[in-house]
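The chain below stands alone and is given as structure tokens, in the form predicted alone.
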Amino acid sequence: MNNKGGKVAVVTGAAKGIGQAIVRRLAEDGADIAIADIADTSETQALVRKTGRRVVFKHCNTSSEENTKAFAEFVMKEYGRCDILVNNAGIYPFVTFDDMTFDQWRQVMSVNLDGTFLMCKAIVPIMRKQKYGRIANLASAQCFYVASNSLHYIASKMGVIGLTRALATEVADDNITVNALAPGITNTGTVRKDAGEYLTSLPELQAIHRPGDPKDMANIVSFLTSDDVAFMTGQTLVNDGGWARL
């Protein structure tokens, strides 16, 4: 979707994996990038510069209201606008319900759901003034089928879907669309490290018998943040190789 020339995209959680692939794709589409992360993003920044686009980075804990407000101010100082917001930052620790503590529950909710809310809260006012914006939130295909040891994660991502639907209604008159992507099992470094066995077992349940690649997810985000979605909002697109088949 090469209609992002001159646009500015904010992406959270872009040091590696899906977030890094999203940043690279949006830069290839012609957007300048602002990265919010708590990790080292130098590798991702180098990928953006290879495309000829500009990139800036600021350490940002997206579950902190103070951090997200400061990040929005940083983006305005650097670019003077923000056209695209991709809420990708998230965690997915595996733990059974019996072993799950309230602190673990709150940590996942804080990063996955509170972080999405706070970034939207910080960036939407910029988009309202511009009368333009594209927001893409990362949910999860796990919301649509049976999955164990992920109660807090699935609850947080269902919250992201609800936030997406409700926010879409509130900002539509300002020419802002809000949609979500629900990835299936994706071959990232974190998944290989923490859940590598699923990369071979889960694809057998899919129509397409391979795990997703970060590029597969970045391609959908490119669409959701393009001018082609001017009439689509409040939707969740599942990209899981045909497991959920909604």
Ligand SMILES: NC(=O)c1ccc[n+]([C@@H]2O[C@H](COP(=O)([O-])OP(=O)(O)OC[C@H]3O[C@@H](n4cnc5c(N)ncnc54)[C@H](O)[C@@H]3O)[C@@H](O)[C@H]2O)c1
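For clarity, every value in this text was computed on a predicted model and none was experimentally measured. Throughout, we count residues from 1 along the sequence that is shown.
Below, we refer to the form predicted together with the named molecule, which is not included among the displayed structures.
- With the partner omitted from this view, the residue of 38, 47, 70, 220 that lies near the named molecule in the predicted bound form is 38 [heavy atom within 4.5 Å].
- Of the listed positions (76, 100, 155, 91), a single one reaches within 4.5 angstroms of the named molecule by any non-hydrogen atom in the predicted bound form, namely 91.
- Annotated contact segment (heavy atom within 4.5 Å of the named molecule in the predicted bound form): 137-145, selected among 167-175, 76-84, 137-145, 123-131.
- Although the partner is absent here, residue 18 is a contact residue: one of its heavy atoms lies within 4.5 angstroms of the named molecule in the predicted bound form.
- Although the partner is absent here, residue 190 lies within 4.5 Å of the named molecule in the predicted bound form, judged by heavy atoms.
- Contact between residue 55 and the named molecule in the predicted bound form is not found at the 4.5 Å heavy atom cutoff.
- For the chain shown alone, residue 186 is a contact residue for the named molecule in the predicted bound form, at least one non-hydrogen atom being within 4.5 angstroms.
- The partner is not shown here, but in the predicted bound form the stretch 48-74 reaches within 4.5 angstroms of the named molecule through a heavy atom at 60, 61, 62, 63.
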